[in-house]
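Just one chain is shown here, as structure tokens, and it is the form predicted alone.
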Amino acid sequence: MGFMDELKKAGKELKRSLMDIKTAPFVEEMCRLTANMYRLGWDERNGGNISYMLDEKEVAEYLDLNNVIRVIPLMGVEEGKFDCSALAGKIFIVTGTGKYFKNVQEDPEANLGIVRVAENNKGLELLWGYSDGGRTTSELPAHLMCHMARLKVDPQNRVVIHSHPTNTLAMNYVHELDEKKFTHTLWEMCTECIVVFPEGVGILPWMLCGTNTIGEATAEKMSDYRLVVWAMHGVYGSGRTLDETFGLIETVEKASQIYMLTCNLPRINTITDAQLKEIAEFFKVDYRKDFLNLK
């Protein structure tokens, strides 16, 4: 048997030994999460996108990491103006551009892709997915910028989610877009809020999406916050797991909903700043003390 025959045989044996990628926990998690977010109304049409950094060893149980299907250029960035070399070799599962969250569970291979960041800023190596010729979300450069910013703060950070939660978006139109005031209002709405996001929420003014500029601005905010509001657009949330990141957005959205239900009514009761301080100290969270009005 010649060398090429042995190589082909080895490739076939490897393929037989790999598990079905659709049964991988990270694929199943993405399917459940996207379906849930669509059901909640946070990601209408093709609104919203998710990127989740995967463990290479876990991916290798399902895919031949030497088999690059094609190389995908990064969308929404000008050549030479975005450096993601810090993420070279990292593997992500990412929602596709123009794809609807409601369709992911039914056909994950067309609506999701697993990509590896190529060396020397040479785009993304497709390892699985986008079976209809698709590509990553156009917001991926903003995601990668946020991943790089969050990894400097928390080396365990693996997830970035962009979505359009209804009440959080509605609150943008009736509340001052000031980080301290916006955060303070959210903290007052639910006892758990100061525990779930003790650092508060960051806010950007309205900016054109899909550009380097908004990605850079979001990443800068991500140095201090795990959740950033894009005014009159949606939010960017980050975390160690899909559950944690979803839970962060979910908590902000619940607080926003309570605010929207009560903002036109007389306020009789509230959680005081002294009580917010008491909660934060009891749960031993590092909260933004300058966001409270204490003497």
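Keep in mind that what you see is a predicted model, and the values were worked out from it rather than measured. Quick note: we count residues from 1 along the sequence shown, nothing fancier.
The same protein has a further form, the form predicted in complex with ligand 13P, not shown here; the description that follows concerns it.
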property: Contacting member of T97, N172, N157, T185, with respect to ligand 13P in the predicted complex [4.5 Å, heavy atom]; result: T97
property: In the predicted complex, the one of A110, V153, V71, C209 near ligand 13P [non-hydrogen atom within 4.5 angstroms]; result: C209
property: Candidate stretches 198 to 206, 85 to 93, 121 to 129, 159 to 167, one within 4.5 Å of ligand 13P in the predicted complex by heavy atom; result: 159 to 167
property: is_contact(S51, ligand 13P) in the predicted complex, heavy atom dist at most 4.5 Å; result: no
property: Proximity of T241 to ligand 13P in the predicted complex, heavy atoms at 4.5 Å; result: no
property: Residue contact check: G47 to ligand 13P in the predicted complex, 4.5 Å heavy atom; result: yes
property: Proximity of H233 to ligand 13P in the predicted complex, heavy atoms at 4.5 Å; result: yes
property: Contacts with ligand 13P in the predicted complex - residues in 122 to 145 whose heavy atoms fall within 4.5 Å; result: T137, S138, E139
